[in-house]
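What follows is a single chain, given as structure tokens, in the form predicted alone.
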């Protein structure tokens, strides 16, 4: 026990990370369209807009995305929950045309021509940038080239209109295996000011330091690495910060200026 936290068996620990909104990954190669529900996906970068999704090599979608280097992520409403067994439990490799059987319509994206689910509430078109081996899955990193959404998206999701399909995990053998999906009828929406009250001072200082470092790096573009680090260290010291963090700030600003 750690306080009121009881220790969980590591075989069950991944379930602590749920619920998640799974993305339906679609891709096409040699005229074959396939897709899978992926629970493990996330945004990786603002600029460029990168998204990563974990796919196991055995998945037919793995082959499609790696071969075509173009794919789409589709977000589905909970009203399609009864169709999910065809999306996540069976493979296009063994069950050709499963998306049509599931009652979904595939259309081409405007920018890349990636296969997009017409019934989706939102979709992203991506080009494959890299594949990183991460244990028993590989992380497919894609750059978003186009985004689409229904009227439920108004800069932020209106969750009174959009009920995202959410995945809670699956039960385990020897009992019958069941996937558990959830949706919420009641939505508690709260809007909180960014860094309110006394937090504003610390938030402003953070951005002030970044701005000063960025200006210094631009000004010292032709000097050595050591001179840049020394200049950044002086900026940090002037604000009472650890000068040893200069390398981290240089890395941050260097990426911003690309």
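Numbering follows the first chain given and starts at 1. Bear in mind the structure is a predicted one, so any value in this text is a computation, not a measurement.
The following text describes the form predicted in complex with a small molecule, which does not appear among the structures shown.
In summary, among the residues 39, 209, 51, 217, the only one with a non-hydrogen atom within 4.5 Å of the small molecule in the predicted bound form is 39. Annotated contact segment (heavy atom within 4.5 Å of the small molecule in the predicted bound form): 39 to 47, selected among 209 to 217, 228 to 236, 39 to 47, 190 to 198.
Taking the partner from elsewhere, residue 179 is found to have a heavy atom lying within 4.5 Å of the small molecule in the predicted bound form.
Looking at residue 59, you'd find a heavy atom of it within 4.5 angstroms of the small molecule in the predicted bound form.
Contact check for residue 164: every heavy atom lies farther than 4.5 Å from the small molecule in the predicted bound form. The small molecule in the predicted bound form comes within 4.5 Å of a heavy atom belonging to residue 88. Although the partner is absent from the chain shown here, none of 100, 122 and 150 has a heavy atom within 4.5 Å of the small molecule in the predicted bound form.
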